[in-house]
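This document opens with one chain alone, in structure tokens, the form predicted alone.
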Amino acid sequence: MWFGIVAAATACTTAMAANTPTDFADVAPVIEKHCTGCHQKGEIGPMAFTSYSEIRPWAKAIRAAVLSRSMPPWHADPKGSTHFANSRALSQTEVALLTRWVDEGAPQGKRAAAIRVTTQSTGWKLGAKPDLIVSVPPHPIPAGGIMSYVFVVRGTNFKEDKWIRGAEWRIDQRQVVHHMNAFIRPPGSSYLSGAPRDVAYVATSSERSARRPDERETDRRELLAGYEPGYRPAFWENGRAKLLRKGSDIVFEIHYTPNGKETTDASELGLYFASEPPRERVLTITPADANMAIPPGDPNYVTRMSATMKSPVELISLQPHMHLRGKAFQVRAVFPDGRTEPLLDVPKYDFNWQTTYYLKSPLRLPEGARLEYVGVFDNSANNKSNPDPTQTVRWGDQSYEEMSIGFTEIAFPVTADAEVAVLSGTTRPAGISASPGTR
């Protein structure tokens, strides 16, 4: 992220109450904790924030970004973000601390303050070296043009089931990687069944959609881990893990976007195995609307999807996915007794920073509970990111096309059936209000 700031309450309160000049020593711990992870060499931040001399030239930009709430990058409504473990929303006190420091000239002050840069000696953000590293074969990226999705099938050859407690992408050429998905393909799956192994392969639409009539989704493929701008790895904790069945393959789905310079990408996926069988299995479900058709000039086209639980589960995380016309996204839970609970409200969706929202405490969803997802799209000329407001926009791989997906992680007992949800996706007429609360 560009920078994120969560101030230590004691330091902030003391400095403001004493009415003494705020200096760099007051804000350094905040920047150290929440900015340098991205703002250091080799990370996503476009400038380094690892010392006073590096930070000082950006003081006014920091002030503007904090006041506008454009940074830190947190797009959920701050009023409804308290139940997310990874919330980056700033409090008014935190905003006051930063703006006051800048208003006073962003002084260095007399107290010594240094930024400690936290890095992992292994090169992996999750800490220890992964138990298994699955590599993407080096792939050339041309300077220009539109690239189709590339698929790579990697065998695992495990003779026994493995439980994955965490997965982390290490992206080689971040500037040309739109996204990478890793799917678990169980033995006998119809998914890309004819694709060669260990080489880049451009699959046809029929190969990608192939499915036997009696094939269950979890026997066809299962999303293991995805990378997109804004990605942050995290362990599935508290006795939770994803299942890698013996004999399964890992299939990479890769979307490269040329940026004017030829390069070669050789990214990696690291897997961390659980030392013992978990209590709960984690599964990512993907309710989506593949039948969308956004009319030209429509500023408020709405899609609606749902996922109905066939057995009790716990909701772990939510991640909206749309493209350049994505405007807003909301999720709510509807319980069997009719009670509803709003879960996520993203009033200003940002395609360039796609956050996974982790709940502080998993939400128990009983059998029959339903998750409802609403995506709102702006295909008008007022959308500065819109490639062409004169076109009807449909589902497609490329960024100038669209998608509406609600990536959702759920957990359930390892002894339960993995087909735990029924997914649906339907469009709604254009013109429905995109204001918070719309369903």
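All residue numbers are counted from 1 along the displayed sequence. Fair warning: this is a prediction, and the values are worked out from it, not measured in the lab.
Note that the form predicted together with a small molecule isn't included here; everything after this is about it.
Looking at I62, you'd find a heavy atom of it within 4.5 angstroms of the small molecule in the predicted complex. Mapping the unseen interface onto this chain, I44 counts among the residues with a heavy atom inside 4.5 Å of the small molecule in the predicted complex. Put simply, R370 is far from the small molecule in the predicted complex: not one heavy atom of it is within 4.5 Å.
A residue is said to contact a partner when one of its heavy atoms sits within 4.5 Å of a partner heavy atom; M71 meets this definition for the small molecule in the predicted complex. Shown without its partner, this chain lists F49, W395, F407, F412 as candidates; in the predicted complex, only F49 has a non-hydrogen atom within 4.5 angstroms of the small molecule.
This chain is drawn without the small molecule; in the predicted complex, the residue among F335, F158, W353, F235 with a heavy atom within 4.5 Å of it is W353. Remark: of stretches 251 to 259, 123 to 131, 88 to 96, 109 to 117, the one touching the small molecule in the predicted complex is 88 to 96 (heavy atom within 4.5 Å).
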